[in-house]
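This document starts with one chain, in the form predicted alone, laid out as structure tokens.
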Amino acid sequence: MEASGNPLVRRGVIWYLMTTSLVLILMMAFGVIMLLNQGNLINITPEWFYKIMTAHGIGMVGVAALGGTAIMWYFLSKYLKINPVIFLINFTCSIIGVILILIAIFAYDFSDAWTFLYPLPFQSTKAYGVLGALLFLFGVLILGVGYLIMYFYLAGRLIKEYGGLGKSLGWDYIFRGKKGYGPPPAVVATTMVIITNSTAIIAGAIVIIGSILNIINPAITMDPMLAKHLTYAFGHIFCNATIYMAVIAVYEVLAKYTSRPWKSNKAFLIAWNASTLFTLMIYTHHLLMDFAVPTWMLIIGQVFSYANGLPVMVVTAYGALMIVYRSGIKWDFASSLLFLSMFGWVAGAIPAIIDATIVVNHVMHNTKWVPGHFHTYMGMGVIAMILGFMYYFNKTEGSMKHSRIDTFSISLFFTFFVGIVGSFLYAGSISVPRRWAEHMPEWVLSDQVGALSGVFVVLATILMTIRFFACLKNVERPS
């Protein structure tokens, strides 16, 4: 069943991508505003800085999740008969959640960052009142519920189609010696995301509900270390899941452009199974500075953070090179961005692995080094995948054609994104702290370089978004 054969799937993907592109530009603008303030080029109050920082952090992850979900659902519908109503229920929950979060931040001054580490939400109610914290937490909770509904539904469909999630991960081929190739990459990736992100969202729901109860009745408390583990398990895994949903576009689009099917061989299946396990474990590298965490857990965080950078990323990056090599591929907006996104993903993993080393982490983790690695794999990796898919969707479902403005936009986007992440990584190397509204004079130059680069990245994204919206009118309308 082709995705384009179902008008409701097509319309849902359009809604997801329209929302993703518009919110992406707004969140990018928030990022530039923060850099301009740190670089002393504009002046906003610390209160506004932290509100913008809170919106930017959780908003960017939300955007990546929306775009990744559109990619996953669009291609998965080629292999499974799935009910698009579930797709739209998740979208509705996401929109409700986003609205509540924005109201909490900008109407009720909630500014505890995406981490909302317990007991910060309760503590902030003393300054800004109860409503802002509750709206924020309920917003995140509703958003998570939408994803859980979708993941549980897809799990049921995969179990019915393949006989179990183990089989849709290729266990028959890995452990039982079944010959040939495993399920399509889109199915394998979706299964991995279902397992890891459902676990993450449940962990997040526990700590969010605990925080809500603590606000309503301060006598109800949680262990702060347990709350921190649950919070980072939720946040880190959720962020990783956006990559694993979006990378489906790399498998599907490059295979189509080169007329070389991307097959799930044994190495591919082992890599995805390893990453399923490792992704659940490596959030502990966010806790390497917490002396109260058991040593064995910190060792797991370091060792498996190294290991997790290899399986899927290497198999995918190497596979992308091999599938393109001597294929005579026609490079356009979609193929170029999706191929370049492999660079962003691999390059972003390198500083992440460095930071996961305990002795380095003690010095670097609370510096701009961390947003440096995060913006590399998120901006030049996940966001590039989503933008490339937006063009592919318009081309496949409509009549969009590559133009010179597209080549210019891609060049502008990647050139100046290197400027952003380079300024962050340099700042981290000289110990510039992250999450500070004001910077010392010797730190300002890196902020200014990042802000200037950010302006051009926003411009490139606006050009891409205008092209996307302009060509949507050519997409075949649902009957």
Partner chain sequence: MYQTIALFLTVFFEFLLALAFAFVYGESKRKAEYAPIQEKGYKIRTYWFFGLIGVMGIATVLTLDELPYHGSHAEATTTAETKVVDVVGIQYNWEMSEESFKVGDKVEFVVTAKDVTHGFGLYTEDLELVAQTQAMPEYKNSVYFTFTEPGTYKILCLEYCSIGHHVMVKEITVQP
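Here the structure is a predicted model, which is why all the values come from computation and not from measurement. Numbering follows the first chain given and starts at 1.
There is another form of the same protein, the form predicted in complex with its partner chain; it is not shown, and what comes next is about it.
Asker: With a cut-off of 4.5 Å between heavy atoms, is L80 one of the residues that contacts its partner chain in the model of the complex?
Answerer: No - in the model of the complex, heavy atoms of L80 and its partner chain never come within 4.5 Å of each other.
Asker: Check whether G164 has any heavy atom within 4.5 Å of a heavy atom of its partner chain in the model of the complex, and answer yes or no.
Answerer: G164: no contact with its partner chain in the model of the complex.
Asker: Any chance H236 has a heavy atom within 4.5 Å of its partner chain in the model of the complex?
Answerer: No - in the model of the complex, heavy atoms of H236 and its partner chain never come within 4.5 Å of each other.
Asker: Would A219 count as a contact of its partner chain in the model of the complex, using a 4.5 angstroms cut-off between non-hydrogen atoms?
Answerer: Output for A219 is no: heavy atoms all beyond 4.5 Å of its partner chain.
Asker: Of these, S275, T367, T196, N240, which has a heavy atom no more than 4.5 Å from its partner chain in the model of the complex?
Answerer: Contact with its partner chain in the model of the complex is made by T367 alone.
Asker: Which residue, W171, F138, Y306, Y108, is the contact with its partner chain in the model of the complex, using a 4.5 Å heavy atom cutoff?
Answerer: Spelling it out, the residue with a heavy atom inside the cut-off is Y306.
Asker: In the model of the complex, does every one of F291, I299 and L321 come within 4.5 Å of its partner chain, counting any heavy atom?
Answerer: Every residue of the spot touches its partner chain in the model of the complex.
Asker: The chain here is shown without its partner chain. Which stretch in 96-104, 120-128, 387-395, 148-156 comes within 4.5 angstroms of it in the model of the complex, by heavy atom distance?
Answerer: Of the options, only 120-128 has residues within 4.5 Å of the partner.
Asker: If you look in the model of the complex, which residues in 355-379 sit within 4.5 Å of its partner chain (heavy atoms)?
Answerer: Residues within 4.5 Å: T357, I358, V359, V360, N361, H362, V363, M364, H365, N366, T367, W369.
Asker: Would one find the Cα atoms of V346 and V312 closer or farther in the model of the complex than in this form, where their distance changes by 3 Å or more?
Answerer: They are closer; the C-alpha distance drops by 3 Å or more in the model of the complex.
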